[in-house]
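One chain follows as structure tokens, the form predicted on its own.
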Amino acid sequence: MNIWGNFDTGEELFSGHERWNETDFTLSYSHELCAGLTGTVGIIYYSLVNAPDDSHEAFAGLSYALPWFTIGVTGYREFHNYPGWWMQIEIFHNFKLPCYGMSLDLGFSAGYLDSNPQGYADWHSGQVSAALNIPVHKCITISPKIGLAFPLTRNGSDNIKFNSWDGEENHVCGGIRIAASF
């Protein structure tokens, strides 16, 4: 189970929009299918403040842990108000750090968007990211994260600029994850 929220630090520039503009609720299940291969399925409810309707999405994916990195592919299908597909490829690695049980996650992802009926279908955006995992208790980890999202194609650039409140194509994003393991 995951709860995620979006607080836009640049939102004061765009009157009429809320700074806290999205809250997502995710339920998912992952299972190791065989050594190194993990399957995941889930559903996401997007509560969208500045959109006419909320969104619902189902997803399924596979990831495989190689000695150097983990690679994964996930397909997402919005099935309620904004029908379309999102396919994402991810490559990431977790580096164990020598102090206090901390680790560093480095990753890259690339996404393909097929937003039928709008007629858009192309490689859309990529992201590079880094997160520092800091255990603060035997079952609680805090992870500050920073990333850079960018278009992968000219169509992706045009689509991102058109749909962004700031009209830009590149975005720095960050946040803090608090995870509890039982």
Partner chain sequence: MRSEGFALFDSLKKGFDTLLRANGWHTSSHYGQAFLWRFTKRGFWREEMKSMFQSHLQILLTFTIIIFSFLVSVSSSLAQGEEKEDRPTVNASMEILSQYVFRGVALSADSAVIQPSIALGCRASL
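What we label the rigid core is the largest C-alpha set whose atoms superpose within 1.5 Å from one form to the other. It should be emphasised that the depicted structure is a prediction, and the values quoted were computed from it without experimental measurement. Numbering follows the first chain given and starts at 1.
Heads up, the form predicted together with the partner chain isn't pictured, but that's what we're talking about next.
Although the partner is absent here, residue 65 lies well away from the partner chain in the predicted bound form, with no heavy atom inside 4.5 Å. Within this chain, residue 149 lines the site of the partner chain in the predicted bound form, having a heavy atom no more than 4.5 Å away. The partner chain is not drawn, but in the predicted bound form it has a heavy atom within 4.5 Å of residue 86. Proximity of residue 56 to the partner chain in the predicted bound form: non-hydrogen atoms within 4.5 Å are absent; the residue sits far from the partner.
Taking the partner chain as it sits in the predicted bound form, the stretch 146-168 comes within 4.5 angstroms of it through a non-hydrogen atom at 149, 160, 163, 164, 165, 166. Relative to the superposed rigid core, the position of the CA of residue 174 differs between this form and the one not shown by 2 Å or more.
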